[in-house]
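Take a look at this one chain, the form predicted alone, written out in C-alpha cells.
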C-alpha cells in the first residue's frame, strides 16, 4: 500500500484497484438491475448503500477499505454512495470539474472517492479521464450555468474554467476494478458510444474530523477505526434490499445532499 499511497499523493488518483473478480462484479450488476426493475433507475440516487445490500458489500470490501486507508488514514467514514450509469449510445457526459466544489466539506485532503466498475469502463463507453497532479493546485474556478445542458450528468452542470487537457489520461476499468481519486483532481468523462451500459458504484469516504460546513445535519457510517468527533449522525447499513423504512431514509438523505449542493452554489 505504500506505492498506492505515493501514487495517490503524486497524481491525485490511483487505478486500477481490484475489489472483486469479474464474475462477482457481474453478479452485483445483476442485483442492481433487479432493484431497478422494482424502483426505477438508480442513476445518481444518493446514499445507495442504505437500501441495497450489493452496494454495501462492495463498499465494505476490506480490499477497497485498505486502499482508502492508504489515502486518508485508518479512521474512515462512508459519507455517500451512488450508482452512475451511462446508457448505451447515450450522449451523457461530464465536463471537467473537481468533486469538492459544492460539497461543503471542511478538509479537501481528508476525502477520497472510489469508483467501482460493474461493466467495462473504456474510452468507448465513456470512462473517466483525469489530469495527474491537478489536485496539488487546490480549488479552481468553476462556472455554474443558469440552466445545465440536458446531456450533462452533474446535478448543477458545473465545469472548471480554462482546463489544459494536454496531460489528461483515460482511466479504463474492468468489472470489479476501482479507481480512487482526490476530491480536487480534475476529471471528466465523455459519452457512451458502446452497446452496453456503463455502470459504476461511486463511494465517497472522509476522515472523521471532516465537518459539513453548510449545516449540522449530515450522516455517515463508520467503516474502519473510530469516530472521535461525532460531526455526522450515524447511519445503519441495509439488512435487506429496498426495505420501506430504509427507502424513506434514503430519499430524505438524497434530498438533503442535493439541497446542500444548491445552497453552496447560491453562496458562491
Ligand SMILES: O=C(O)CCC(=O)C(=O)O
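A quick note: this is a predicted structure, and the numbers were derived from the prediction, not measured. Positions refer to the first chain, counted from 1.
Here the subject shifts to the form predicted together with the named molecule, a form of this protein not shown in this document.
Although the partner is absent here, residue 115 is a contact residue: one of its heavy atoms lies within 4.5 angstroms of the named molecule in the predicted bound form. Put simply, residue 189 is close to the named molecule in the predicted bound form: some heavy atom of it is within 4.5 Å. Heavy atoms of residue 174 never reach within 4.5 Å of the named molecule in the predicted bound form, leaving it off the interface.
With a 4.5 Å cutoff on heavy atoms, residue 214 does not count as touching the named molecule in the predicted bound form; it lies far away. For a residue to qualify, one of its non-hydrogen atoms must sit within 4.5 Å of the named molecule in the predicted bound form; none of 57, 63 and 178 qualifies. Only one of 140-148, 92-100, 160-168, 72-80 lies within 4.5 Å of the named molecule in the predicted bound form by heavy atoms, and it is 92-100. Checked against the named molecule in the predicted bound form, the residues 110, 156, 184, 84 give one hit for a heavy atom within 4.5 Å, which is 84. The single residue of 128-148 lying near the named molecule in the predicted bound form is 128, the criterion being any heavy atom within 4.5 Å.
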